[in-house]
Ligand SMILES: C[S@@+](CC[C@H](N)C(=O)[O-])C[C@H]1O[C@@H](n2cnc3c(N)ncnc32)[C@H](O)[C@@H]1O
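The chain below stands alone and is given as C-alpha cells, in the form predicted on its own.
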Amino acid sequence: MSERQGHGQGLSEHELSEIRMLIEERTGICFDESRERFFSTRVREHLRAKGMERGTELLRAMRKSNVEYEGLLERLLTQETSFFRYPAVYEAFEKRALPELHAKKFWNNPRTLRIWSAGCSTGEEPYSIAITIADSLSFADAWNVELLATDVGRHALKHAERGIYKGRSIASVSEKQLANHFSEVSGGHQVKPRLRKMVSFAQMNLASAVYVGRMDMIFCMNVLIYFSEERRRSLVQRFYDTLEPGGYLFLGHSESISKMPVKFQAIVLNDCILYRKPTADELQKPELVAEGRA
C-alpha cells in the first residue's frame, strides 16, 4: 500500500473511473479521455485538501453527503473567468440583441427584460451583462431587468453574491465603468447595489430540468463542453423552449449547435455566432428554418 501512496494518494484507475461515473450519473457532466489528466490531477488535489488517503474514502463521502459531492464537482468545474471575457459576444449583445428587444418591448407595460446566465461561475458574466444593459439600453432605469444567474457551485455563488473583484478578473472593465458601477472596498472593487439588485443567484444543476419561466436571452458560455452529446441536445432543446420567440442564445467560442435538429437561426456577427429563436411568422418561411439547421 505504501508503494501506491508513494506517487500521491492511493487513487487507482478503478476509483477514478467510479468517481467519473458517479458524476456523470448525477449531473450528465462527462470527463472524457481528453480531460483524463486534468480530472485525475484535480481529484488528487481534492483528496489532499480533504486529508484523505484513498479514493474509496472520497467515494464513500460523496455517496453519503451532497456537500462532499458538490465540493469535488466545484473543484472540477470552477474555471478562472473575467469581466467581458468574450468582447465579440458583448458587442453582438449590445449592438444587435438589445436594440431588437428594445424595439419589440418598448411599449409594453411593465417593460420587462429576462435573461439567464446558465453556468455563471463566480459572477463576472452576469455582472458584465448587467453593466452592458445599464450602459447601452435607452432608459435602462425604466426597464424591469431580471437576470437569473445559476451555477452548480455553492462557493462560486457566494463569491458572486459578494460581488468583490480584483486583478485580472476586472482588467477589461474601463475606468468609466469602474467609476460608475463599482465601489472601492478592501480586497478590491465591489459591484454597486443597483447592479446587484438586477441579478438573482441560484444553485442549479443544468442536468435537472428546473422551470425558470420564459427568457428573452440565455447566455451559456463554455458549459455545453462538459456534457455528453445526448445531454447537450436535450439542454439546447430546453433553451429553445425557454426562449421567447425572437429571443437569443449566446454560446462560447468552441461550442456549435449546427448539427442539432433545433430550429435556431444562426447569425454570424464578426467573431460571434448567435442563435435566434424564430417567431411564429418566421417559422412559416422555410428558408429561415434551413438557416437554423445549416
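Position 1 is the first residue in the sequence shown; the rest follow in order. All figures in this text were calculated on a predicted structure; none of them were measured in a lab.
Although not depicted, the form predicted in complex with the named molecule is the subject of the following passage.
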| item | value |
| --- | --- |
| Answer option from 177, 205, 136, 172, heavy atom within 4.5 Å of the named molecule in the predicted complex | 205 |
| Residue 132 within 4.5 Å of the named molecule in the predicted complex, heavy atoms | no |
| Contact test in the predicted complex: residue 199 vs the named molecule, heavy atoms, 4.5 Å | no |
| Touches the named molecule in the predicted complex: residue 78 (any heavy atom, 4.5 Å) | yes |
| Distance check, residue 152 to the named molecule in the predicted complex, heavy atom within 4.5 Å | yes |
| Segment assignment from 177-185, 215-223, 105-113, 190-198: heavy atom within 4.5 Å of the named molecule in the predicted complex | 215-223 |
| Contacts with the named molecule in the predicted complex - residues in 11-28 whose heavy atoms fall within 4.5 Å | 27 |
